[in-house]
Structure formats: structure tokens, C-alpha cells
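Okay, so we've got a single protein chain in two different forms coming up as C-alpha cells, structure 1 first and structure 2 after it.
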Structure 1
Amino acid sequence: MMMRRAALVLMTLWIVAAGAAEPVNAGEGAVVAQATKKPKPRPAAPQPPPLQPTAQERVEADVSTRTIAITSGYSGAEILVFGAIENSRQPSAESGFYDVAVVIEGAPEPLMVRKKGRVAGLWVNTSTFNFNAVPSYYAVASTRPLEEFADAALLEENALGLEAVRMSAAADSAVRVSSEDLVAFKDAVRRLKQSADLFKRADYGVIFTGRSLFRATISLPATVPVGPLTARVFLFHEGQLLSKYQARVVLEREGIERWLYAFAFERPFLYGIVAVLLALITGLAASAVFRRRGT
């Protein structure tokens, strides 16, 4: 609870900071971009001519919280991804000169998909399909629908968009099913993950707040499996991918939740004994309390 509140405060602080920077930014964009970002390595780099109007754009980004703690009060979190474009040629925040896509992706994990069939009048799981690696979570936000500013091949190459999420089938499963079935299983993963809020797209989720500054808020539901998350940021202009950037977020259990989880999986039998003792104490304490009250 406290951690979450702290994270929220941090986030709000950042938003306030971004908001404060914005009006100045609108007036003197280049100066603020210089001032708010770290000193650029550009003068040190030999080949590109510095501060030319045609200078190559680069995107840099960061996330509001690098570590999200899962405590007993955890009911999901919000990640704010913010970034800036170096050498922005965009005249204003509203010009739509650049397109930015932000992806937050969980660690790939094995996944089993089951399909129900009717057996003797009952619906039971009749077939299964194994994937070796499917991201536990995948959220994509962009300045406008991805298909409008990048072609399918480019999206596929960068695993960008729900259609391009990397799902590698396990060898034993892949040889068993037809290609139509494979598509059906992949569609089922997308559909189910989307309905569980674990896969999602926000077509207008990235907002420019200045000539070079942009941000996107992505919410993580409580069901996102614990583990590292990567945040990837893509900068597009007229269908061309200009620059990419990557950052990491870690989703960790903390406090008693972490302790209990580790306890349950590392010392399972002791955990069971503790569970029984807890139950015995609760039962006996309750009956003692109520008996005293009753008489």
C-alpha cells in the first residue's frame, strides 16, 4: 500500500515537472531539450555533423518507476513512459510530424493453450498446444494506429503490435497441428490475453507534450506475472523507423508477499505445517473467545 502510494506520488511529481517544463519548451524548444536532458554525447561522435537541420533524430526514453513492488495492497500499477527526440524537426506538439510507439513487454514464458471439445455431452479439454515462449504481458501504445504509419513487414520485424507479438510454438506441438489450427491457437492466445488485460493496444496512447517530449501511460493489471519487463520505444517518420530505445522495469514481490511466496516454493512442507498450525490456532482461539462470551 505504502509502496504504491509512493510510486503514485513519484509519478505525479514527474508529471508536474513535465508540465512545468512544457510552456518554456513551446517557446524555446531547442534550449529546453538541451537543458532537461543529460549533456549530449553528440560533439564527441565524429561522423555526424553537429546541429545541422538534417541531423539524425534519436529517441531517448525512461520509465517513471524502475521497480514496481507487489505488496499485499497491490492491485495493479501504472507505468509512465516518457522520452524526448534529439534533433527534433517537429514544428509543434500537434504537428504529427513524428510517430512514436511504446511497447512494454513481460518476459517470455512457456504457455499452454487448451481447447475444449464435447465428450459424452460434457465440455472437457480435448486438445492442447504448447508455446515455448509467449510474453507474459504485452502493451503497445502509439501516437496513432500502428498500421497507419508503418507497414506490416516493419512491424513484424520489430515485434511491434499485437499481431506481431513473438509466439514460438513448441516443436512437439507444432508438428501435430495444421497451419490453420496454429493460427487459431495464436488467435486464442491474443484474445484470451486481451480479455485478461494482459495484451493491449492504445492507438492514441502516446502524446507529444512539446516539440520533442512525449509520454505514454500504461497500466499493469494485478495479474501480470512477476518478473522483468522491457520498455521499448520506436520513433517513426513517414513510414521509416528512425530510432529505437530500450529500458527495463522490474516487477517484484515485496514484504510479506515475497516472503510467503518464497516460503511456499522453497520450503513447501514447512509451509504446509505452518498453514496447519495457523489453522489450529485460529480455530482454537475463536472457540475460546466465543465460549467465554457465551457464558
Structure 2
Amino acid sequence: MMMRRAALVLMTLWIVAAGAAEPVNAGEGAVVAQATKKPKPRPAAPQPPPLQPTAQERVEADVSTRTIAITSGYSGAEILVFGAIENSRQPSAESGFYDVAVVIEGAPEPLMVRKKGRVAGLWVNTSTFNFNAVPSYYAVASTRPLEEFADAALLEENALGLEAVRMSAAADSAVRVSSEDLVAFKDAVRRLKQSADLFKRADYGVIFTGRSLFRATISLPATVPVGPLTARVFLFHEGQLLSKYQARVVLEREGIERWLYAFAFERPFLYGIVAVLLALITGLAASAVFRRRGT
């Protein structure tokens, strides 16, 4: 009896050991391995660089000279304004992609305008109007007429064009006239300045010499008042003002003219005495010469 129980126990242990040693199916093992193995994190995909905005066009310019000397032989001068457009998108010089306007403007000065009327069959001055500040000189040059690439409000805002020249009326004169008369006086100033060659306009005076290079030549008459000048350059595209640039030019007296000018304004009494003495000496010398010829 004891032997039979021992045999049953040994047989049971052998069956358990054999079951534990039985190999596991490969497919099942693969499934178990896949279920227990953690996936590796994938590297993040590189992000594309942000789109860069189109660079804004900008005008860079300069003038051929910053100082113009006024001497006894002065008969006028020319100012060459040249420049380039940074980040230009213009395909060629002839494409007309951009428009450029160049302005040379003198220092403002007071001005009186007189209006004539017929009185008793005669033309006499019937009224006057005073301006506190009117540019002593104004010249504008552009790639084409200003009205073709900019509206009136934009031209007025930037004092661009003869019709937009800033003229400051004196308060005592402005209250005495109507708005229509004020416009008439301003038109009269433009006509007078244009007849004296002090206001001028060149609709095709700016020329492109490349995709971004441009130039313009402004003539200064011999009658231009001495003083500072301001050169302004405007860049337009499809009616919009993209950029502007400003430079300074100085007209100054040199040599004997500068000395006489300073002498007259710094010592006016002494200058008057010298002028009278020179006139007397010149008159006596001329009288002596003519007396000798008469004899």
C-alpha cells in the first residue's frame, strides 16, 4: 500500500516536471514579447522655417554737391540728385514699376502780393496780401506727371507739386479776404514765381538708369536767393508712398561778395559813408576825364 502511494506521487511529480519543460510556441512568444516591449519614441519631424516677409523697398539718395558758392561770376548752377532703391523688385529700367519724385525747395520767406484794378481809367494797386512764409525757390521733377501716380490728398500732405506748395498767409491779411480770394492770391504767387524761373516743374525729369538706379538734374537760376535748400526724394508704387529721403544743400557767398555782404549788414552806417565817398570820387574822376576830352 505504501509502495503504491509512493509510485503515484513520483508519477505526478514527473508529469508536472515534463509540463514545465515543454517549449512554448514561437508565435505565442512573439506575441508576448510584443505586448511587453515598450516602443521607442520617434524623433520629432523638423519644422519648416517661418516664411520671411518681403523686404520693404527703401530709397537712398544724395546730391552732387552740398555747397554752392555764390561769387561775382555766378550765373546759375545745377544740382544732380541720384539714388538707388534698396530691395528693388523692378524688372528693368523701362518697366515703370516705381515712380520717383524729386523736390528742391528753398527756405521760406515773407512775400507781399499786390492786386491791381482799374480806377478812373488807370491800373493801380487796389489791395495787398501778405504771406508769412513762401518758398524762395521750388522745383519738382518726376518720372511722369504727379497726378498719374498719386492722388491730390497725398500730394497735398507732402507738399509735392506746384499746386501743393505750402504758403502761410499772414493772419491780418487772411481775415480780410474770402477763401476764393486767398486761392487767387496763391495762384498769383505761383505765376509770378514761375515767370521769374523760381518755381518750375519737369514731369519727366527723373530717369531710371537701371533696376534701382535713378537720377535727376535740377537747374538753379542766377536769381535764386542765397540760403539753404532742401532736397527731398519720394518713392511711389501703385499710388502708395513707400519711402522718402531728405538732404541739405547750402548756397553761400564767397570772396569779395561775402565780405561786402557782411560789411553792409554788420556796419550799415560805415558802409553808407564808404558808398557815398566812392560815389563822389567816381563822379569827380568821370568829370575830370570828360573835361579833358572837351578841351
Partner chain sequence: MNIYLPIAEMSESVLVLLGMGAAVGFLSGLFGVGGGFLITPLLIFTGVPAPVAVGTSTAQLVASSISGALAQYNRNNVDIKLGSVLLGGGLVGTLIGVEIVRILRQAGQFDVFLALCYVLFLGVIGTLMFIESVQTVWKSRLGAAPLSRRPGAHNWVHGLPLKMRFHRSKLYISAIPPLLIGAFVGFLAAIMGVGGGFVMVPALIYLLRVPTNVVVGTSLFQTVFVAAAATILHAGTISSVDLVLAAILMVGGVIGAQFGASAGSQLKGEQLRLLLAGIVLLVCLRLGWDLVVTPAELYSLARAAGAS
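Take the two forms, find the largest set of C-alpha atoms that superpose within 1.5 Å, and that set is the rigid core. For numbering, take structure 1's sequence and count from 1. These figures come from a predicted structure and were not determined experimentally.
Annotation: structure 2 represents the form predicted on its own, while structure 1 represents the other form.
In the rigid-core superposition between structures 1 and 2, residue position residue 280 carries a C-alpha shift of 4.2 Å.
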